[in-house]
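Only one chain comes next, encoded as C-alpha cells, the form predicted on its own.
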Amino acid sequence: MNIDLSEEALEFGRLAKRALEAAGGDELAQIAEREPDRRESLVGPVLAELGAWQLDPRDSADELEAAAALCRSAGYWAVSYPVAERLCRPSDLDADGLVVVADPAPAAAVGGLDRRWAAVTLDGRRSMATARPMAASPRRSAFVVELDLESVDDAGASDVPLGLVLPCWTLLGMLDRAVELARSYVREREQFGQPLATFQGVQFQLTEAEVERVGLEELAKYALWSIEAGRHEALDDALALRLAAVEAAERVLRVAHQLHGAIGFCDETVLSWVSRQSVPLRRLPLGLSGTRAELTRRLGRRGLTGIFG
C-alpha cells in the first residue's frame, strides 16, 4: 500500500497553486464576494487553461491524485468556486458537477453559477439538481443555496466516496494556509520585547495545530488510496475522513484565531477569508455530529479497517 501522491500529481498541484496566485491569489475570494457575477470568470478559465476540467478522477489513479492536488491548491487560496464538485462530475449524466447532499434540505455552495448539477445522497440516490436563487448576500451565505431535486436513479453508490473525499482535500488546503498564516503572524508580532513565537504557550498551540493538519493529510491520502483500490470500505473511509477533517478544521482554525486575536476576524487579515470560505465545507452535506451519526449507523459494531481503525 502506497498512499503518497505521485510526483506528477504534486507538480500539477504546484502549477495550479502558482496559476491561481497569478490570477489574484487571496483577492479571488474577495472579488467573488463583492462581485458575485464574476465568480465563474475568476477561476473557471484559469483552471481550464491548465486542463483541469479534462481530468477524470474516475478513470485512473493518476488523474484522481492530480484532482486531489488541485483541490488542495484551490483550498490554499480559499477560492470561492466549487472545484472539487466540478471534478466529481458523473460520466453518465449531463452535468457539469456533482454534490453530495443530505435529506431533508439539500443545499450546496453553487449559487450564482450557470452550471448543470447532479446530486447524490449518502445512500446513492442520484438526482438532477436546480439551484435556487441566493436568498442572502455571498458574505452571509458563502454562496450556499437550496437545491430542487429531480430523481434520476439509485446508481450513485460509487459517486459518494469521491464526492466526500475531494472536498476534504480542499479543506486540507485551507488548513495548510491557516497554519502558515498563524506561524507567520507569531513570528512578526512582538510582546514584551520579543516575538510571540518564542513563548512556550504559543509554540504548544502551533504544535497542536500542525499535528492536526499532518494527521488529516495522512488520512486524506489513505481515503484517496481506498477509492483508487476499489475497496468495499471506501465509503466508510470517506466518512471517517470527513469526520476527521471537520474536527481538524475546528481545532486548527481555533488555534489560528486565538493566536491572531480579534484581528483574525477582520477582513484585513487573510485568515478571516479562509475561515469564512471553509464554512460550507465543514457544514455540508453534514456537520460534525451528523457525520459522526451517519458513520456510526453504517459501521454498527464492526468498526473501521486500515489506518482509520
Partner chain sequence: MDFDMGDEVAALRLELRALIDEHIPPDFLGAFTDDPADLETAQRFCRLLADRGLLCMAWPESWGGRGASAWEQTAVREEMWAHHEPRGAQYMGVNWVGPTLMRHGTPEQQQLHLPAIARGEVIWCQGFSEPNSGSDLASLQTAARRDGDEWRVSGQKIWTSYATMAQWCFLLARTSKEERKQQGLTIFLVPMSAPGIEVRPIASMIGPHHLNEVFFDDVRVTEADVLGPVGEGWKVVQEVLAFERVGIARYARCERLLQWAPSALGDQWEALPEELRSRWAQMLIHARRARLLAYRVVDAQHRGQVRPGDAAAYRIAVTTLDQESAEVLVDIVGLAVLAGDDALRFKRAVEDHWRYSVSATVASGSIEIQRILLARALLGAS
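Given the structure is predicted, the values throughout are model-derived calculations rather than measurements. Numbering follows the first chain given and starts at 1.
Another form, the form predicted together with its partner chain, is not on view; read the next lines as being about it.
Its partner chain contact at L243 in the model of the complex, heavy atom, 4.5 Å = The answer is yes: L243 has a heavy atom within 4.5 Å of its partner chain.
Should T130 be counted as a contact of its partner chain in the model of the complex, where contact means heavy atoms within 4.5 Å?
-> So T130 does not count as contacting its partner chain.
Its partner chain contact in the model of the complex: E8, any heavy atom under 4.5 Å | No.
Even though its partner chain is not shown here, does V214 get within 4.5 Å of it in the model of the complex, heavy atoms only?
-> Answer yes; at least one heavy atom of V214 falls within 4.5 Å of its partner chain in the model of the complex.
Find the only residue in L93, A197, V152, L147 having a heavy atom within 4.5 Å of its partner chain in the model of the complex.
-> So the residue touching its partner chain in the model of the complex, by this definition, is A197.
Quick one: of S158, T207, Q191, S137, which gets a non-hydrogen atom within 4.5 angstroms of its partner chain in the model of the complex?
-> Only one listed residue qualifies here, and that residue is T207.
In terms of non-hydrogen atoms within 4.5 angstroms, which of the given stretches 94-102, 78-86, 234-242, 109-117 touches its partner chain in the model of the complex?
-> After filtering at 4.5 Å, what remains is 234-242.
Report yes if all three of E40, D176 and L253 come within 4.5 Å of its partner chain in the model of the complex by some heavy atom, otherwise no.
-> No, the candidate spot makes no contact with its partner chain.
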